[in-house]
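Form predicted on its own, single chain, as structure tokens, below.
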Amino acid sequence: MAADPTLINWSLLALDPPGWGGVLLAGLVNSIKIAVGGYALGLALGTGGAFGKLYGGPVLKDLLEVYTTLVRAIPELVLILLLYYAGTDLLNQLMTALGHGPVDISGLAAGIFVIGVVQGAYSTEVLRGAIKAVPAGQIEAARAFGMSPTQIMRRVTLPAMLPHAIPGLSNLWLIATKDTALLAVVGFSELTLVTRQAAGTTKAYLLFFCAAGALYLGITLISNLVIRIVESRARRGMAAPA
């Protein structure tokens, strides 16, 4: 008797060939690498951007305003295509102008850079708002105690702003995990691209895209658990919301 074509062939998710489970997990690892690297780069850019917008000179403030406005205005897919192709081309042209040969930029490094630049613009605004939420009286009290600007930032500003920043930063982390899927358009082997390849080869589209959705959901659930732990620790000693 012929097999029912409506049945799901779960063996296609096996870790070893001819199953594609191992390929999906490898794509998931690449997605996590890009998300972590891009988020960390974006957080570094956002921290510098937030302090630059608040305490920098007029020129620096204007440059940062242009950066955050452009990145938030242009669709992320367009930005990824622009930064991925034009950015690597400009870098190679610069290296050639300096007398060096073109460099071979790995897809992982390019993906981290692209996601980091996008994340940096949003992190700048999240952190800027969190810093502004710190009561001015705490800063004035720290100055009255004779603290230096560095000590004020480390002992007062950063601890006080963290509870205000965590909700926005946690959302940006979840967005970063989803934005990695956009790198499929440039041919990087992250989870979405390998899922599409597996589905196209086996014609089991429902199986593989549901499996990819489950993996993305797993990342989100684990992330939410970690975020709740971090947020509870950051809010220790603070009054609970009414």
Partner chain sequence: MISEESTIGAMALTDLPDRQGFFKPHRIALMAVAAALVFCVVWFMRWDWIPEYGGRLAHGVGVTLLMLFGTCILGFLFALPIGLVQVTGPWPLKMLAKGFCTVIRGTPLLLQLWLLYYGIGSLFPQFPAIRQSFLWPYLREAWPYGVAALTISFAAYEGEVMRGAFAGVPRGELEAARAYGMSRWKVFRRIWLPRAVHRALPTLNGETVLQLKSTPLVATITVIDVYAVISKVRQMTFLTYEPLLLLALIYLCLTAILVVAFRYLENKIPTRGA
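Residue numbers count along the first chain shown, from 1. Only a predicted model underlies this, so the values are computations on that prediction, with no experimental measurement involved.
One more form of this protein, predicted together with its partner chain, exists but is not displayed; see below.
Asker: How about residue 182: is it within 4.5 Å of its partner chain in the predicted bound form, going by heavy atoms?
Answerer: Answer yes; at least one heavy atom of residue 182 falls within 4.5 Å of its partner chain in the predicted bound form.
Asker: Residue 30: heavy atom within 4.5 Å of its partner chain in the predicted bound form?
Answerer: Contact check for residue 30: no, nothing within 4.5 Å of its partner chain in the predicted bound form.
Asker: I'd like to know if residue 85 sits close to its partner chain in the predicted bound form, meaning any non-hydrogen atom pair within 4.5 angstroms.
Answerer: Answer yes; at least one heavy atom of residue 85 falls within 4.5 Å of its partner chain in the predicted bound form.
Asker: I'd like to know if residue 206 sits close to its partner chain in the predicted bound form, meaning any non-hydrogen atom pair within 4.5 angstroms.
Answerer: Residue-level check for residue 206: yes, a contact with its partner chain.
Asker: If we take heavy atoms and a 4.5 Å cut-off, which stretch out of 173-181, 48-56, 22-30, 35-43 is in contact with its partner chain in the predicted bound form?
Answerer: Only one stretch qualifies here: 173-181.
Asker: In the predicted bound form, which of the listed residues (109, 141, 77, 94) lies with a heavy atom within 4.5 Å of its partner chain?
Answerer: Partner contact (heavy atom, 4.5 Å) among the options: 77.
Asker: Only one of 71, 162, 156, 105 comes within 4.5 Å of its partner chain in the predicted bound form by heavy atoms, so just point that one out.
Answerer: The option sitting close enough to the partner is 71.
Asker: So which residues in 205-229, when you check its partner chain in the predicted bound form, have a heavy atom no farther than 4.5 Å from it?
Answerer: Sequence-ordered list: 205, 206, 209, 210, 212, 213, 216, 217, 220, 221, 224, 227.
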